[in-house]
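Below sits a lone chain in structure tokens, taken as the form predicted alone.
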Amino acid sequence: MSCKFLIAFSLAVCLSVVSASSCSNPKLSSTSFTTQDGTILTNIAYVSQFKLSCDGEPADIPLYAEVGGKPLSVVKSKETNEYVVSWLEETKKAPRGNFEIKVYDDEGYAAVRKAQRNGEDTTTVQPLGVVILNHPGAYNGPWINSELAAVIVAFAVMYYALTTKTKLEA
């Protein structure tokens, strides 16, 4: 009798753990940040912070992300109960525009990795949700450096002074 009870109890615990790790009816709300000034930096930082709720309740499950086919780690903050995804790109190679951050749970990410190993299309795997990060581009400084502008103005003033002097002497 106690053996059957232990088996039933362990089965119930396993089912509750499995059902607790999946997310039904997911909702994502996000805020995003990117580096705006690239004049003295070598890398542009992309950061997206988002909250995940499953059936209206805050979720506490491990997540994984993918941007443009690159896997990224997702970190969860204990204080704010928010997830954070971030990555860096070189300033010269950093594209501007919208980035789709596909968010996966354990099962979804395992399916993505399996599809990649088998050479299959990963777009058939549905993500838990998609977060859009908008990067308008980074300011890389003026088109003409101030030193060059000063030299151009100095030559223009010198040219004007010399032409005026020659007209007055003639």
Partner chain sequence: MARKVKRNIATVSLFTMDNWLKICIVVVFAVATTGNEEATPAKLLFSKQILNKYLVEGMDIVIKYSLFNVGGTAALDVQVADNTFGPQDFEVVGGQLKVTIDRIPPGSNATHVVVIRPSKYGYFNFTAAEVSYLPSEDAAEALVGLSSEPGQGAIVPFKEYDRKFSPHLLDWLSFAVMSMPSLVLPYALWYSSKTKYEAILTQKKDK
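Predicted model, so just to flag it, every value in this text is computed and none were measured. Residue numbers count along the first chain shown, from 1.
FYI, the form predicted in complex with the partner chain isn't displayed, but the following is about it.
- Residue contact with the partner chain in the model of the complex: S30 places no heavy atom within 4.5 Å of it.
- Although the partner is absent here, S24 sits far enough away that none of its heavy atoms falls within 4.5 Å of the partner chain in the model of the complex.
- Interface residue remark: T39 is counted as part of the site for the partner chain in the model of the complex, having a heavy atom within 4.5 Å.
- Though the partner is left out of this view, P62 does reach within 4.5 Å of the partner chain in the model of the complex, counting heavy atoms only.
- Stretch-level contact check against the partner chain in the model of the complex with heavy atoms at 4.5 Å: of 130 to 138, 31 to 39, 51 to 59, 117 to 125, the positive one is 31 to 39.
- Looking at 43 to 62, the residues that come within 4.5 Å of the partner chain in the model of the complex, counting any heavy atom, are N43, A45, V47, Q49, P62.
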